[in-house]
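A single chain, nothing else alongside it, follows as structure tokens in the form predicted alone.
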Amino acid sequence: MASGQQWVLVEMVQALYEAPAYHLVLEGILILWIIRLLFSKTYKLQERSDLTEKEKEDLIEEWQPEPLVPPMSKDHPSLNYDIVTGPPSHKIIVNGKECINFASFNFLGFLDNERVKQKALTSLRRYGVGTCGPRGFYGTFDVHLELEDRLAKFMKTEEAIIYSYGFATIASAIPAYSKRGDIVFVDEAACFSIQKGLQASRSFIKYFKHNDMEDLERLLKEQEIEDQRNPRKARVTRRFIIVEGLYINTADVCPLPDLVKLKYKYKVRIFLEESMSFGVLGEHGRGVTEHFGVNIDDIDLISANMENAVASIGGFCCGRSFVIDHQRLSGQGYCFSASLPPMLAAAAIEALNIMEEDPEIFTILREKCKHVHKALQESPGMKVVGEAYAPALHLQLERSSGSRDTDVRMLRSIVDYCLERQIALTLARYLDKEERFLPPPSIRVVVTIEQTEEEIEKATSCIKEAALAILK
């Protein structure tokens, strides 16, 4: 046994002599470095200071911490908002004055509809106020399942999923599918909720010019060439196009037929955000797919909120079953938020009932939109932005002053002028420092089916009068 150990020791010494010199030097340095780390202190205390106690106290007194938030004027619009009393229906009480409402997205007038309110009250008595739990933890009520089934049938898709907050719907859906390393082609005019979803996805984002299909195809071709250079990476990279049906920031519609052609040509998926077009466009209010006669199966995912035309709360996604089911485990807004209050789900179901029973309301809405769009064309110093059939138009200054703050103040003066004359309008609001492409300042004019011809004439005349008086 002893002779065996001696033989091993001799072999080790022999190997040491035969090892290259650089190998021995490197091992020696590593051994010395380990010894130094074992016996050295992890930090050194400053044993002396060049400052006296008085100098230290003076420095402490002079130090001013950075403000927690940037300084803001008390005249900032966000700190001086109009106060609404009562329901923001056809007639709205703003700052104690009753006005005709041209500001709320109550397109179909369901917010104060007696049938809808009665269904909500019945549900309130049966289920209570809220749910106090997400869908996976005793937050799924039978009325939620009924609403999902009704939405899927209304949109003619296999399945639907509902969220309790409209903004979180598309912001949760995007990162549920698009991950780090995936590529998303997005319109520059995409709304803020889409931008937040893209940020959460950590995907590679490529913006194309608003509704410019040539620019989009240029980006798709560039990506195709890049994929050919690295086919292994291309096989595991997912590609998406994300657009809005009717853009909230520009009030124009996406060229969906052209997008579908590009989808099949370059093998990408299309996500369509329809919060402004659901319950507005199409013969039966099914949105931009019905408006263009596009097969809904050509769209991989449709998202919309229920806070505009349906006049409830929350949002939904619809599509094929295997696509929608993925969100039940991966949609953060679905998994971690308390589910939609049952009374609001019941209100949404009744709104769908009315939409199916009386599709004529969509024709009425479009005719009133065209009337308002035409009447506002002659507003002095202002231009109308948006499609003639869009229910939420934008009024922008024809000539900017060169200062965004000045432009906002002038537009606010027009809003105040109309408010004094019992016409409620609103400025389009944005987070200036957060928007990827900040839209120009504008007044948003919202059309609903409840507005009469006399009220529309009064409102458009008041806006022209205000523009003439303020922008002269």
Partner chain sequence: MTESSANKPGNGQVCHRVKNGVKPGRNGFIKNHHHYHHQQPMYCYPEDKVQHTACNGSSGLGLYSRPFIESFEETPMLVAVLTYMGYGILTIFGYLRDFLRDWKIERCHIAREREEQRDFVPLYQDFENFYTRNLYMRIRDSWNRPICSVPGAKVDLVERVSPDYNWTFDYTGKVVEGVINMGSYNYLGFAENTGYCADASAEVTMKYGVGVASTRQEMGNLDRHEEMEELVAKFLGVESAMAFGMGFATNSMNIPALAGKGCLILSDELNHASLVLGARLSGSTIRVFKHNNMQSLEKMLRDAIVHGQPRTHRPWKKILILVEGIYSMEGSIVRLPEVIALKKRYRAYLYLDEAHSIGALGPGGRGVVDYFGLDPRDVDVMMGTFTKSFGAAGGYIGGRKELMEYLRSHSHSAVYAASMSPPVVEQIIASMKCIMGEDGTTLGRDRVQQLAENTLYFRRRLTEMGFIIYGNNDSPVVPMMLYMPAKIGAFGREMLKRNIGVVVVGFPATPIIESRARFCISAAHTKDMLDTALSVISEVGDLLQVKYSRHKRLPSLD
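Here the structure is a predicted model, which means the values were calculated and not measured. Residue numbers count along the first chain shown, from 1.
Absent from the display: the form predicted together with the partner chain. The rest refers to it.
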Do M343 and the partner chain come within 4.5 Å of each other in the predicted bound form, heavy atoms counted? yes
Is Y430 part of the interface with the partner chain in the predicted bound form - any heavy atom within 4.5 Å? yes
Would you check, heavy atoms only and a 4.5 Å threshold, whether E27 touches the partner chain in the predicted bound form? no
Is R320 a contact residue for the partner chain in the predicted bound form, using a 4.5 Å heavy atom cut-off? yes
Among the candidate residues K221, R229, R126, K374, which is the single one with a non-hydrogen atom no more than 4.5 Å from the partner chain in the predicted bound form? R126
Pick from F105, F154, F208, Y389: which residue has any heavy atom within 4.5 angstroms of the partner chain in the predicted bound form? F105
Please state whether every one of the three residues K97, D212 and L471 places a non-hydrogen atom within 4.5 angstroms of the partner chain in the predicted bound form. no
Heavy atoms within 4.5 Å of the partner chain in the predicted bound form: which of the stretches 320 to 328, 285 to 293, 363 to 371, 396 to 404 has them? 320 to 328
Does any residue in 123 to 152 get within 4.5 Å of the partner chain in the predicted bound form, counting heavy atoms only, and if so which ones? L124, R125, R126, Y127, G128, V129, G130, T131, C132, G133, P134, R135, G136, F137, Y138, T140, F141, D142, L145
